[in-house]
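Take a look at this single chain, the form predicted alone, given in structure tokens.
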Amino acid sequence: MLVVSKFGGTSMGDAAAMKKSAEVCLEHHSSVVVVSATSGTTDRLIEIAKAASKGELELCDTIIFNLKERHTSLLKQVAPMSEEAASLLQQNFTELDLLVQNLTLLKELTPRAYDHMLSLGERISSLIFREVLRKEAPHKEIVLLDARSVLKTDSHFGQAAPLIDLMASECKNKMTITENKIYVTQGFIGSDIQGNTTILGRGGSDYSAALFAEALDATCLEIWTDVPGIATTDPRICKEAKIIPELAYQEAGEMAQYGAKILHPATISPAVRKSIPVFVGSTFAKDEPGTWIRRTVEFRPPVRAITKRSAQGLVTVTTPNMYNASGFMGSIFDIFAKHRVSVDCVTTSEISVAITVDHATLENIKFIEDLKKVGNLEIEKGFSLISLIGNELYRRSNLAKTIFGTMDEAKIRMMSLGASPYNFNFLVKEDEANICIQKLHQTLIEAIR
């Protein structure tokens, strides 16, 4: 049995959380442990990177001082006598200081430098967590593995794509799985062929863990977080939300893509390729049943869950050249591909195409300029994308009637149904989204339990 376990930022948040995470590792016989940075650290590193590129050295010094104090204190709590760990911690902060000096001198934040700086969060948390595991399991060999030595990617800094076959080869050559050994490594980071540090994008630790599970032919992938499984909707929006005992791969993938923050959107793909079951549970409620994600499940309701993606914009490209023309859609999607912008929902008319994107995408000036070359561009902001996740949705004859009857007061700006049997998406104003979700949850999920 080979178990890959991933622990998020809250599970690395303090000494008590790390101890709980270590207990989970040992109880579940984890062979590989993938960790995130301690909660809030990646955000602080982003602040440092931006401030350094502007020459704001005093602000950098303040943030770095606080990070040093936090992590030094954490290490002293878990391993007060480990000179090796203290030395490694200091090396990481020395590296951070040098990066800041270079950025301050150059006054430019390059994508490569940005990735390198953000990698430090996971590298620091992993070396501290290794000490926790050493203390909790003195009879085991605890190996600190630099993920960059095996997780190889392309050179698209900021959101690198893994080189799956090469990673499998590197894992086979550099990792020896035994019952008495536990590898502790970092999520979110890798390196390209030239050895430059890369990141998989925000939230990429889940994806890293899934890639390790795939490369090692794991028996199971575990995602440990601060909530006891995947819920029917966000409990902060709807207090009647319940934990889902099991999900099919397709359902979980759709939920992750359309706003379920508990999973990174790319996590499911490696598991699907090797048919690896995925468990999602809480470090702080380790005995709760959690959620299992598998290839096949027994219960497949019409609507399994409702998700929301906030801060959505609607980009509409219009041109008379679309009349009886070929290649127009291709040219638009080529632009999305060029800038690595994912396409979520699309509708078309005779002369226009409307596509939903995150607000952050609208800040990409080059992307917007390229779209303007194709036709007249209209940008609308302030929407939420609500998605119904279920099974054979386009075959449910009364579903649309039920939805529109439930949301009769909402102004639906756009809809998408039919491309997938697992989701039905519609765009509403941000301030209407939560009440829509509450009503839909009551009608489509609570009423049929």
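Here the structure is a predicted model, which means the values were calculated and not measured. Position 1 is the first residue in the sequence shown; the rest follow in order.
As for the form predicted together with a small molecule, it is not shown, yet the points below apply to it.
- Screening 312, 185, 198, 205 for any heavy atom within 4.5 Å of the small molecule in the model of the complex leaves a single hit, 205.
- Comment: the small molecule is not present in this chain, but in the model of the complex one of 37, 386, 389, 52 has a heavy atom within 4.5 Å of it, namely 37.
- The stretch in contact with the small molecule in the model of the complex, judged by heavy atoms within 4.5 Å, is 37 to 45, chosen from 37 to 45, 24 to 32, 52 to 60, 376 to 384.
- Using a 4.5 angstroms threshold between heavy atoms, residue 122 counts as touching the small molecule in the model of the complex.
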